[in-house]
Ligand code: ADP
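First comes one chain, alone, set out as structure tokens in the form predicted alone.
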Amino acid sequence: MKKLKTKDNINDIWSAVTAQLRDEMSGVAFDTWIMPIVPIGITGTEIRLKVPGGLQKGSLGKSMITTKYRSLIESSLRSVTGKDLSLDVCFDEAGGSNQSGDPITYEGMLNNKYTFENFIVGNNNNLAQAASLAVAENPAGKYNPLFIYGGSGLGKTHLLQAIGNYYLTHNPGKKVLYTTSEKFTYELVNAIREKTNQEFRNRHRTVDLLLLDDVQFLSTKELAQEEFYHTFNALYEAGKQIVLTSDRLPSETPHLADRLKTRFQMGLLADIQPPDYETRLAILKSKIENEYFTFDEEIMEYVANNITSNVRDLEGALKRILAYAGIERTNTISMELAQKALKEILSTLPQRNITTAVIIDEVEKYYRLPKGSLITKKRSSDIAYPRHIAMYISRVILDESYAKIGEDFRRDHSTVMNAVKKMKKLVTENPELQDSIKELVANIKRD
């Protein structure tokens, strides 16, 4: 990374620092303590930072920065500028009460690296991406609320912030708030303790676009659910856009109030699945475009085949390979180097107890079929073809008898035998099918 000089724009320096801190801190800690900081300037060997009172009431924010996170911030400043800069942190008491009740445009809460342009679209996330773009272009239109759900590290936060960044670019001056459910709860408790409930409500209920990340964490917090219920209603009735993310469907979130489940399901539910092989490969290629390293296609295929869980793990694997290349002082990545870099990661990945049920489940996910589709009596091509693939993989991986596989698929042994025979022939003739089965086997063998 190119070193910035202290005479460079203070915002550019602080942006580079926060990018590093984001990777080194938990999301909640970063959003709560670092994101609200406003850089003021650099004088000599000192950087002056301001903690807005409206976000961290009292001197708590200043205290956290000057004690717990001081060394981490100073280390990042040293990495970015090459100089030892000490912190001078002030507390903005003037902004503490926000007497007007008019929330600022919180674009500072968004990371500008999260855009639609650098979001890799695949079969696993095309609905969520298309819906997010539609919301950004026409807020409070067709999809309100938009509820994006899926596992950790799959790109939900990326899409959420891409909506905010796009909206602010095309609607300057509008009011956008990005927050997490944990931060929402933290600020609510703080507001109750300090009797600033109205300021809290003004901040959340008078925005044009509310982006709430990880809404599942509201599920065990009755007071926060009550407050968000009224916040949701106020925004919805005012014709404002609401976008939520979660790791599961509203109906599958335990301890979430029924009235919230109902409201979350009023708009569009869009899921994000783990990236398929092609998408993982595209993500890797996009990540190395600006790197001064040479990657053979074979090495990217190796990574894509072995790191299948989510985008975050994929990026982590790539960073690890680049780190090993840096240690060995080479910009040419060999297969040997890649295998060495990932050896420890791959050895710790959990291995599944593979059964026919696991294979059926993975094939249904791969072809985006409803759970249980492959064991129904349906014979349409969109069901029969994946069913034959699942039977073939069951035979290859488990080496079970045709009768046992047939029992699991609720078919007789001759049906399984014919399906396996047919797939064996197709596999030798169809390279795309070979790739699909190769990817499915990798998914099946690893959680």
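Residue indices: 1-based, along the sequence shown. Given the structure is predicted, the values throughout are model-derived calculations rather than measurements.
The following text describes the form predicted in complex with ligand ADP, which does not appear among the structures shown.
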Query raised in the report: Going by a heavy atom distance of 4.5 Å, is residue 83 a contact of ligand ADP in the predicted complex?
Result: no
Requested in this report: Mark residue 158 yes when one of its heavy atoms lies within 4.5 Å of a heavy atom of ligand ADP in the predicted complex, and no otherwise.
Outcome: yes
Query raised in the report: Looking at the partner-bound form in the predicted complex, is residue 119 within 4.5 Å of ligand ADP by any heavy atom?
Result: yes
Query raised in the report: Using 4.5 Å between non-hydrogen atoms, is residue 340 touching ligand ADP in the predicted complex?
Result: no
Query - Residue among 315, 278, 328, 361 with a heavy atom within 4.5 Å of ligand ADP in the predicted complex - result: 315
Query raised in the report: Which residue, 235, 303, 283, 89, has a heavy atom that falls within 4.5 Å of ligand ADP in the predicted complex?
Result: 283
Report task. Identify whether ligand ADP in the predicted complex is within 4.5 Å of every residue in the set 145, 218 and 221, based on non-hydrogen atoms. Result -> no
Query raised in the report: Pick from 353 to 361, 368 to 376, 254 to 262, 110 to 118: which stretch has non-hydrogen atoms within 4.5 Å of ligand ADP in the predicted complex?
Result: 110 to 118
Requested in this report: For the heavy atom contacts within 4.5 Å of ligand ADP in the predicted complex, list the residues of 224 to 256 involved, in sequence order.
Outcome: none
Query raised in the report: Do the C-alpha atoms of residue 182 and residue 19 sit closer or farther apart in the predicted complex than they do here, given a shift of 3 Å or more?
Result: farther
